[in-house]
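Take a look at this single chain in structure tokens; it is the form predicted on its own.
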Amino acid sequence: MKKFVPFVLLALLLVSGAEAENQLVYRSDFSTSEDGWYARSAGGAAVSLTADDSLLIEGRTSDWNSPGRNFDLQPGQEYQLSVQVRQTEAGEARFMISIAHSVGGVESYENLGAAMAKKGEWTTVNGQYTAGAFDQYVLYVETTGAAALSFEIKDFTVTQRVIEENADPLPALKDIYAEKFDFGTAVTYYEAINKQRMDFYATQFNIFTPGNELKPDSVLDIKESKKLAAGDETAVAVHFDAAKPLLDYAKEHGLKVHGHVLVWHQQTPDAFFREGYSTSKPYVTREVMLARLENYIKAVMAYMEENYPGVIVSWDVLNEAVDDGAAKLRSSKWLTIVGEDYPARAFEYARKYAPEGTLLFYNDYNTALEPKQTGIVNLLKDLIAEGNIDGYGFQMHHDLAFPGNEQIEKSLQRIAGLGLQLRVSELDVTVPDHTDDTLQRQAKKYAAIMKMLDEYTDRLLAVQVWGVTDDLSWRAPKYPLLFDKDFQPKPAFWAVADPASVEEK
């Protein structure tokens, strides 16, 4: 009997208070058949069973000639892979677990793990894979620099993390704060293509921000822009492949999206600033760059209005434009090529093309620190005078002691005093370890922040943590979020759910 567990029965259940473990979803059994494995080759290579329940491949002429098998993987799921390999023809040889995945008939490849196997010895090759959004997945075992080598495989295993359902549901943060502001999170592409994960997120949050998928390096289509530039240097081409999974989910489920970000000095291709969109050519003039900026913003807004009307309720028009150590604009290509009015022009174009009712924000970090805080205030005053900005987004990437609560409170008071609407766009609190004492201190910091924010609910539109589980955070080694890697709510979650229950001392 084949030792095979159907993937469909092991779907990842992301539910409150759940326990996670690695669950075996497939193990090869070559005792009676090839178990769905076949020889990947252009002809000549073949697989056969051996007396010791392994699968032998012979007749190879290329490294990619390999034993392979189709797998029904689930997009967004994380898989651990392992296989035993043995060869008896070379002193040692390099083996890889690889995957061929395809969508719309177009195939692409990834190498997932590798190991060196000495002659005559069974050797373990391990790998890992987070499934992308593809129509077909073929896992296979290949070589590097050993095209004609015959070899055996056995004990090919696939495991994934499974979270068992808990009968006691968590309180929903979006419901707790429904009368005050939206409560949300940031989501990456691989999270967005995982329906089970997104279904869990939707129980807690009602507004989402794509972590990277609406940044210029994801949206700008440099190849197509280069073609257009042959006839018009100001033309811009865009695409939204990375953002579509989140936008589709939000549209289908009636959720809000905050757009992040239109203009940033980072994660913007250098080619965007150069003649012909070529990194080998000079930078364009101010006039060309302004026209490209306008066309870019126009194209983004037009696409969203046509395909996702009403889904994106607000945008970070400009991100992190103020210098960290001075009360002035930071040095950037935008500043060098366009000049000090580039923030105002970005908001002018965003207001011109954004659908009616879309709110426009400036977003920055370290708002609690001087002299940066003064630089942010000065920039906001200039933008307010232009009449195209709606609000300010606080990136609260904090730790236990820095910045101090008094500094945070002062920054809230000062920015709120400008009359703008507010949002906490990126909230997390790092800690040095995850001992019980440290996690309690983290909870107190979260509670203190939420208590401060409660004073500004008349103008606070949203609070968004920057991620859901610690393991997927950009600050993962410092356990910054409300859930641990196993989707267990941390003390920080309960502190956010009920800040008043947390003692300040």
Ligand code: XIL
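Residue positions are given as counts along the sequence shown, with the first one as 1. Worth saying up front: this structure is predicted, and the values here are computed from it rather than measured.
One more form of this protein, predicted together with the named molecule, exists but is not displayed; see below.
When you look in the predicted bound form, the only residue of 267, 336, 378, 111 with a non-hydrogen atom within 4.5 Å of the named molecule is 267. When you look in the predicted bound form, the only residue of 320, 152, 390, 294 with a non-hydrogen atom within 4.5 Å of the named molecule is 320. Contact annotation for residue 260: at least one heavy atom lies within 4.5 Å of the named molecule in the predicted bound form.
Taking the partner from the other structure, the named molecule in the predicted bound form has a heavy atom within 4.5 Å of a heavy atom of residue 212. Contact annotation: residue 305 falls outside 4.5 Å of the named molecule in the predicted bound form, judged by heavy atom distances. Although the partner is absent here, residue 409 lies well away from the named molecule in the predicted bound form, with no heavy atom inside 4.5 Å. Only one segment in the set 327 to 335, 116 to 124, 312 to 320, 194 to 202 has any non-hydrogen atom within 4.5 angstroms of the named molecule in the predicted bound form, and it is 312 to 320. Contact with the named molecule in the predicted bound form, defined as a heavy atom within 4.5 Å, is made by all three of 363, 395 and 426. Taking the named molecule as it sits in the predicted bound form, the stretch 430 to 469 comes within 4.5 angstroms of it through a non-hydrogen atom at just one residue, 466.
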